[in-house]
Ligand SMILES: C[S@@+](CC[C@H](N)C(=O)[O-])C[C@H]1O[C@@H](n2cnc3c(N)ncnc32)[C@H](O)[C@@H]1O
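Below you will find one chain, with nothing else, as structure tokens; this is the form predicted alone, and questions on how it binds or moves follow later.
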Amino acid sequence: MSEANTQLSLLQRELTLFRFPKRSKEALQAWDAGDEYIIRYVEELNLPDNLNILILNDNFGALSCWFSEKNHVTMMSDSFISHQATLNNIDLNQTKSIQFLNALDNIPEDVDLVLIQIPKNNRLLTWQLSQLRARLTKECPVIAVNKAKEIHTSTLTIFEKHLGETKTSLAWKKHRLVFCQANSQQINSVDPITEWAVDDEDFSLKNYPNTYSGESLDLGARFMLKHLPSNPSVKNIIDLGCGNGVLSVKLAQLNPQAEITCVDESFMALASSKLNIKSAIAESNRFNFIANNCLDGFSQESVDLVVCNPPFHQNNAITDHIAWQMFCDAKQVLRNNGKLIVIGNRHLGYDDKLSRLFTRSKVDKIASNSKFVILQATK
């Protein structure tokens, strides 16, 4: 497999851009044709310098790096990974520093231009557009981009309803631009939280817009809830990729003596976890919430149990490198005889990956059904 191009050469300018975390023999590029399309379009407008530009959902910082050279950029994203990638790429290219906001922060005042990488999650898009409508003047242009096949009539309806008048460009390299103004007749109030009860459990879950499985419990978590351990000797637990905290709530009920650390790269997921744990667990002071890339910076041999429902995609790319890093990091932080419990689709072959790390004799199958397998690896 060939290594990804790291040099964005455009309009007689060049940026060096890396994904985060930076990996040797990286096959995936840190920008796409959508980034190039929006850069070309904005540069052709010949706008003045020193604009206040708000960039939403910049994947690895290509847009933020490009436009920060001559403007004041605020990058707003729900992704810790995106924040770190952007910060690293700004340092690498020695462009001007920018302001970082997460997706629950307020939209800044006095914005001159908004650029959006349209998210896959329509709840997040709706929330972001409603926040823009409440803050922007109708003179502020909003330019969004996505793959043409991902811009549906329903996508444009969301723009029209929650922001204002909407038009689209011709397709270029399979991407399309969306042009919008904050001039809808009414400002639609959007509740950022969706709440629903967990079947067969005594608690409900609140979910901010970009929380994984924010509208219903995913099947993997539903299966895993039935197979979480209760062990009075366990003192420290990490819920790695915690999402809305459903596993953490159950683990806390089963292990009232344990301190639990919720880790996720989504700021909205962590905010959801805080709400849910505070609601369901009386002594919620035994929890920690950390936005992070897997377990970067955690102390080695400090934890008794790690539970993990790994993602198998990063942005639009299907990849197993996140799961592999989660497994490697978990092994580092586990004490001797500590356990890693993982759930995954049967076809993903996590048993082979865990056996490479922990040896075959230390990997056991806890449970399985037609779709999922739950594995336990012992250090």
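Since the model is a prediction, treat every value here as computed from it, not as a measurement. Start at 1 with the first residue shown and count on from there.
The protein also exists as the form predicted in complex with the ligand; that form is not presented, and the subsequent description refers to it.
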For residue 112, is any heavy atom within 4.5 Å of the ligand in the predicted bound form, or not?
-> no
Decide whether residue 326 counts as a contact residue for the ligand in the predicted bound form under a heavy atom distance cut-off of 4.5 Å.
-> yes
4.5 Å heavy atom contact, residue 81 and the ligand in the predicted bound form | yes
With heavy atoms only and a cut-off of 4.5 Å, decide whether residue 338 touches the ligand in the predicted bound form.
-> no
Assert contact residue (the ligand, in the predicted bound form, non-hydrogen atom within 4.5 Å, options 271, 118, 303, 247) equals 247
Among the candidates 236, 293, 95, 181, the residue which, in the predicted bound form, approaches the ligand to within 4.5 Å (heavy atoms) = 293
Is every one of 212, 265 and 309 within 4.5 Å of the ligand in the predicted bound form, counting heavy atoms?
-> yes
From the candidate stretches 98-106, 150-158, 119-127, 238-246, select the single one in contact with the ligand in the predicted bound form, where contact means a heavy atom within 4.5 Å.
-> 238-246
Residue by residue through 211-228, tell me which have a non-hydrogen atom within 4.5 angstroms of the ligand in the predicted bound form.
-> 212, 218, 221
